[in-house]
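Take a look at this one chain, the form predicted on its own, written out in structure tokens.
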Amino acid sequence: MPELLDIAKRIAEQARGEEQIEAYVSWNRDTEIRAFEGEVESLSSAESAGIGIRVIQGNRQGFAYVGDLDERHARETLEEARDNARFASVDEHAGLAEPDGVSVQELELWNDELAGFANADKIALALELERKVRAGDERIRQVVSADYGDSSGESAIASSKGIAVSSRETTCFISADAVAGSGDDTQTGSGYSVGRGAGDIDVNKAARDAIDRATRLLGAKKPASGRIAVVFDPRITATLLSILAGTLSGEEVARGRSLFAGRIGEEVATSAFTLVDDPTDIRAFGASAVDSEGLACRRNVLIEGGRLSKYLYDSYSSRVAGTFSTGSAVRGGFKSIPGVGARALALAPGELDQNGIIAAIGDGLLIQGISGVHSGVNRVSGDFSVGAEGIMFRQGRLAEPVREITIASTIQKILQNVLFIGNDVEWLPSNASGVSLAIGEIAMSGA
């Protein structure tokens, strides 16, 4: 495979006069395997590579991409981006990222083991996961899917502004979706394990997780309505943090689409609440040494001790706001331009695990699953109303499972009513890690 950074540099060097050019070059290899009823239902392995080119001419931005690394095609794509810039609208904030002097940290995100991990061994992992879920509990009626997946990727960014960086990473996972039954009642649950290489994968953990989450909701009924203390499972907390990340985007703030607009320095959560986005933490699934504009990723403290301290910015949104990039540019690949986003959100952990939190609260609801997040959460007003299922707890012990309920509050009240933050940090395949999170009071609508 050609050296990606060399390709990117050669493109960037073709800038004319005051013209600005950025080249983003990437390569990926992905494998997905699904096991079903002891057989391989599907296996796919694919490679993709491409170049995305941005051109800035007189406050006009043009973009074009090509799905290969052929340099003749790259030259044609550059001309297409130039042509697109000529017809673009004038934007006084258009421009590429400027080097800011922040040093790029050396992060080991690549596992050589993955390249030599044979498909036969990958298949064996998926089959073993399915077998363990089926055999783990007599109430498991079906394993809807047992999957193995991995990805190896490299990328390089070079610009006429003097940026020239490259990075690479590997990730892999296994996951299972199980159906448990008792009489006419059926419930579903999922489990997974993630890592940088196959040696990080824990089949037993993924199987136990799928079994437990499916079986412990059997017999769930709709509870009476009321106001109740809740404990979010780590996966639910991760979803909440991802929602918060959207409200803390400098781009959304500038557009007036954030409930936190104009609130820097204000107390927005309890004093125990500290939220950080740190892509340099290699435990995070979204860890990266550089952002999608080639600037060094860095640790950004967004909420510290309950006070709002920072928004996330890429270079464009920072120019709009009259500030500096926080190294928070993200993009979906060579086919897209950068935008603002979090990569590795995490709450500062507390002292208790989930069982300790439940024991300390006494009576409440452990929320295991939610639905309707996209339609039920308003990032401008903060309104929060989603479907939920979980397990009631009384006198510090888990009791009966419940389902078909709606929990409602506002993001503002949720943050101000945090009782406990767990120490049970779980690194998830998303832009946020999870911990158990206890909220003092939420409206629950049931029977």
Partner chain sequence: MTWSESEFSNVSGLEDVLVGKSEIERAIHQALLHGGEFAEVFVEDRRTTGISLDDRRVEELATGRDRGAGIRVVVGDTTGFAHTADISGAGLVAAAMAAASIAKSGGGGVREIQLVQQHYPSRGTVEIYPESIAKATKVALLESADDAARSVNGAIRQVSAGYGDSRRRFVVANSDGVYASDDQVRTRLFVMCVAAGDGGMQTGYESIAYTVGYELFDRISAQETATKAANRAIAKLVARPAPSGVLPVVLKSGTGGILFHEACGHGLESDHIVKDASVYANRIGETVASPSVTLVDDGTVADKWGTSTIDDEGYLSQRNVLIENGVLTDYMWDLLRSRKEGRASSGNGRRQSYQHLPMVRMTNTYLMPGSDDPDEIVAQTQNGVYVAQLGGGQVNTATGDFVFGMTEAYLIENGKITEPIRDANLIGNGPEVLQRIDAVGSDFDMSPGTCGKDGQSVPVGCGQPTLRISGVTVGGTAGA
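None of the values given here were measured: they were computed from a predicted structure. Numbering follows the first chain given and starts at 1. Each form is matched to the other, and the largest set of C-alpha atoms that superpose within 1.5 Å is called the rigid core.
Keep in mind the form predicted in complex with the partner chain is missing from the figure; the text below concerns it.
Contact annotation for residue 61: at least one heavy atom lies within 4.5 Å of the partner chain in the model of the complex. Taking the partner from elsewhere, residue 270 is found to have every heavy atom lying beyond 4.5 Å of the partner chain in the model of the complex. The shortest heavy atom separation between residue 383 and the partner chain in the model of the complex is within 4.5 Å.
For the chain shown alone, residue 258 is a contact residue for the partner chain in the model of the complex, at least one non-hydrogen atom being within 4.5 angstroms. For the options 421, 66, 415, 391, the residue carrying a heavy atom within 4.5 angstroms of the partner chain in the model of the complex is 66. Among 200, 304, 113, 83, the residue placing a heavy atom within 4.5 Å of the partner chain in the model of the complex is 83. The candidate stretches are 168-176, 67-75, 358-366, 98-106, and the one lying within 4.5 Å of the partner chain in the model of the complex by heavy atoms is 67-75. In the model of the complex, the partner chain lies within 4.5 angstroms of at least one heavy atom of each of the following residues of 362-393: 371, 372, 373, 374, 375, 376, 378, 380, 381, 383, 385, 386, 387, 388, in sequence order.
For residue 70, a C-alpha deviation of 2 angstroms or more is recorded between the shown form and the other one after rigid-core alignment.
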